[in-house]
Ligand code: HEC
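Here we start with a single chain on its own, the form predicted on its own, put down as structure tokens.
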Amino acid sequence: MRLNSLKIVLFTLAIMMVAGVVLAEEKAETEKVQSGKDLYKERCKPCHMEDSDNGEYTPMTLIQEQWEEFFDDYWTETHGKVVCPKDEKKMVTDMWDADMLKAVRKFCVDHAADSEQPMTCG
């Protein structure tokens, strides 16, 4: 009788461990930040494409130092009062968290006009 109880306990623990691993993997997947390139395409490009009233911007528009200065000193100022085109109840700055900004900043700096791999972002 004790052996059966031990088997049930061990089986239950094994199931709980597998379920925990699966849940942890699902949580990690949902918490992943999109790549800077994907964020740029999804969130920046729609307002900054060719012939845009907001000006056309791609990573190649500026040099690395200018992108760094923009994200350090001007992003909040220039985008703080802009209404999100997808949700007019929110401001553009409310649609970004620190990790997202870090990713798009890295993408812009890494692919700036004076970088080793300049990019327009297609």
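Numbers for residues come from their place in the sequence shown, where the first is 1. Because the structure is a prediction, the values reported are computed rather than measured.
From this point on, the text means the form predicted together with ligand HEC, which you will not see here.
**Report entry** in the model of the complex, Val104 touching ligand HEC (heavy atom, 4.5 Å)
**Finding:** Result yes; Val104 sits at the interface with ligand HEC in the model of the complex.
Query raised in the report: Does Lys37 make contact with ligand HEC in the model of the complex, using a 4.5 Å heavy atom cut-off?
Result: Residue-level check for Lys37: no, no contact with ligand HEC.
**Report entry** Contact of Gln64 with ligand HEC in the model of the complex (heavy atom, 4.5 Å)
**Finding:** No, no contact at 4.5 Å.
Query raised in the report: Any of the heavy atoms of Met49 lying within 4.5 Å of ligand HEC in the model of the complex?
Result: So Met49 does not count as contacting ligand HEC.
Query raised in the report: Which residues in 76 to 93 have a heavy atom within 4.5 Å of ligand HEC in the model of the complex?
Result: Contacting residues: Thr78, His79, Val82, Val83, Pro85, Val92.
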